[in-house]
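Next up is one chain by itself, shown in structure tokens, the form predicted alone.
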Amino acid sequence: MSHLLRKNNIGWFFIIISVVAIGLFYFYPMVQALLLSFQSGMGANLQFVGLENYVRLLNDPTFIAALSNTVIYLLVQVPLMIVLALLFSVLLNDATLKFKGFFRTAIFLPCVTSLVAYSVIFKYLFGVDGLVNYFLVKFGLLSEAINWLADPLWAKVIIIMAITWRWTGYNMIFYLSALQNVDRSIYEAAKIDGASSFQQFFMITVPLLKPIILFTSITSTIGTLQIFDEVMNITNGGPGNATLSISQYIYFLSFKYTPDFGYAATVSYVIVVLIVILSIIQFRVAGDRK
């Protein structure tokens, strides 16, 4: 009996440590940031200003530009990446395909590369004297080099390409793992019934992968709303504020402009609210309310 009680006490000891650590390192900063969003100033000169920071958001053109850019990244990049990851996983799950290991590794490899390193590579690829301009001019597709990163539209496109290139393989692994657990007899029965590959994909594969698609959609949405490294290293938010993201604006408010940690915390909570709203929408669309 005493041995059992001692064993239970040891178990509770480890649970209490975990709960305290989670509370200290996760929930305390969140609560502290929320309180900070109602203050203005820096260091020991913080002053309570009520909802002033939240009202300021509505009249801040830089914040509106950062929010618009982030929403564009989200609406274009996340669906594109999910579709590509799904298609790659189906193709690479084909039992007759040769060199599957090579292709899987090649597509997954970008997500283990350094964020800064691949961002710098993209920056040089699309520079005025970069490889992309070199080949396009050489093969006559362009009469002269384009300054991709100085154009508001093309700069956004390159940011979206960079994120998609890096994270498609990461999401593909989830789909591939799920597909390998699907009973092949389901597809064989569908073939006998005359279902085409197109029908098998939409009537069998997509429904079976629905929980994984929901998971990857939510995690990709969170990641895109927090995008920072690519924008910082490829365009630095330019030209103008054409590629500025919300996370980069928070960084600028905290460390580049005159520091205003209260307003930076307010902008941070915009991301929190967006993540909560979009996650609820995705759960509703997927029909999963649990």
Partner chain sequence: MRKAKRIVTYLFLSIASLFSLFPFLWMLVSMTNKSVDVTKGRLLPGTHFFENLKQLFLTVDMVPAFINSTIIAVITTFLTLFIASLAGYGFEMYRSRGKDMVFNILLLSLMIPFASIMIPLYRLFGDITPIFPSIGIDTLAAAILPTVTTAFFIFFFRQNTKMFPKELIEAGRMDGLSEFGIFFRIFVPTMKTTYAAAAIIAFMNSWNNYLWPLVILQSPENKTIPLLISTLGAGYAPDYGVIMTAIVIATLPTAIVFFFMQKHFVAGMMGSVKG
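Positions refer to the first chain, counted from 1. As the structure is a prediction and not an experimental result, all values here were calculated from the model. Under this definition, the rigid core comprises the largest set of C-alpha atoms superposing within 1.5 Å between the forms.
In what follows, reference is made to the form predicted together with the partner chain, a form of this protein that is not presented.
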| property | result |
| --- | --- |
| Interface residue in the model of the complex among Leu67, Val49, Ala242, Ala33, criterion: non-hydrogen atom within 4.5 angstroms of the partner chain | Ala33 |
| Heavy atom within 4.5 Å of the partner chain in the model of the complex - residue from Leu87, Leu136, Val182, Ala189 | Leu87 |
| Proximity to the partner chain in the model of the complex (heavy atom, within 4.5 Å), stretch among 67-75, 149-157, 120-128, 202-210 | 120-128 |
| Close approach of Ser254 to the partner chain in the model of the complex, 4.5 Å, heavy atom | yes |
| is_contact(Pro29, the partner chain) in the model of the complex, heavy atom dist at most 4.5 Å | yes |
| Partner contact for Ser114 in the model of the complex: the partner chain, 4.5 angstroms, heavy atom | yes |
| Partner proximity in the model of the complex: Asn53 to the partner chain, non-hydrogen atom cutoff 4.5 Å | no |
| The partner chain in the model of the complex - contacting residues of 183-197, heavy atom within 4.5 Å | Ser197 |
| Cα displacement of Val273 between this form and the one not shown reaching 2 Å, rigid core superposed | no |
